[in-house]
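Next up is one chain by itself, shown in structure tokens, the form predicted alone.
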Amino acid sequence: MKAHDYSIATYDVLNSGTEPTVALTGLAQVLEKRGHTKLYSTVLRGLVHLLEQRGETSAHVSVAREQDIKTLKKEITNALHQLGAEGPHTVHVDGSLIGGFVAKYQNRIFDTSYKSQLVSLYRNATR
């Protein structure tokens, strides 16, 4: 089981009405039983992220330049649809992007940025 799966399972337990101390104690016991205690901090970070996203109803889109909002409109709309974000969304310019866009909705990301493509290319080339 991955850390993300543990985070989701703990999130579901908390949503069912279980007291946080009981849920986190149970998580620690499960991780120890399965020999995954090293994942505890990663699972907690993932859980915090999921809890922060709770109730998030709008998607967030980052583009490299203001003009990309218009030129990538169709691609952004398709990405938001794939993420299940049918409602409102915000778009902002992110100076760390070279081109493309990143769409985030709830705990999912659709990343077509040149930055991520270059990082992926680099990682594949150095293997």
Partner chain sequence: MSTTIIERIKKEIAGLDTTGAVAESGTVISVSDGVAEVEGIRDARMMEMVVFDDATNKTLSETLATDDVLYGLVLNLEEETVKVVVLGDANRVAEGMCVTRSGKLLSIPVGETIVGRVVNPLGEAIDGKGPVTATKDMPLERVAYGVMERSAVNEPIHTGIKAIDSMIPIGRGQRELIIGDRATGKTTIAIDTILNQKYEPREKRPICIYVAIGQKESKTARIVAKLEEAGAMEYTIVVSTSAANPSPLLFLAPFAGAAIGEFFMEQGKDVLVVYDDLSKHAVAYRQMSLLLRRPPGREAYPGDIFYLHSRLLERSAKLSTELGGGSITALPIIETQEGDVSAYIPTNVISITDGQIFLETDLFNKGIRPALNVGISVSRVGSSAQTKAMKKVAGKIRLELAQFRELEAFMQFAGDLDEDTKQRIERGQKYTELLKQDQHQPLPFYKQVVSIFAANNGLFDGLSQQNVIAAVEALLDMVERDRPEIFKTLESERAISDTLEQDLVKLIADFKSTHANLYTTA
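Residue numbers count along the first chain shown, from 1. It should be emphasised that the depicted structure is a prediction, and the values quoted were computed from it without experimental measurement.
As for the form predicted in complex with the partner chain, it is not shown, yet the points below apply to it.
Of the residues L31, L83, I76, A64, just one reaches the partner chain in the predicted bound form with a heavy atom at 4.5 Å or closer; this is L83. The partner chain in the predicted bound form is approached by I98, whose closest heavy atom lies within 4.5 angstroms of it. Although the partner is absent here, N15 sits far enough away that none of its heavy atoms falls within 4.5 Å of the partner chain in the predicted bound form. Though the partner is left out of this view, Y11 does not reach within 4.5 Å of the partner chain in the predicted bound form, counting heavy atoms only. Within this chain, T25 is remote from the site of the partner chain in the predicted bound form, having no heavy atom within 4.5 Å. A change of 3 Å or more separates the two forms for L47 and H89: their C-alpha atoms lie closer together in the predicted bound form. Note on T112 and T42: their C-alpha atoms are more widely spaced in the predicted bound form, a change of at least 3 Å from this conformation.
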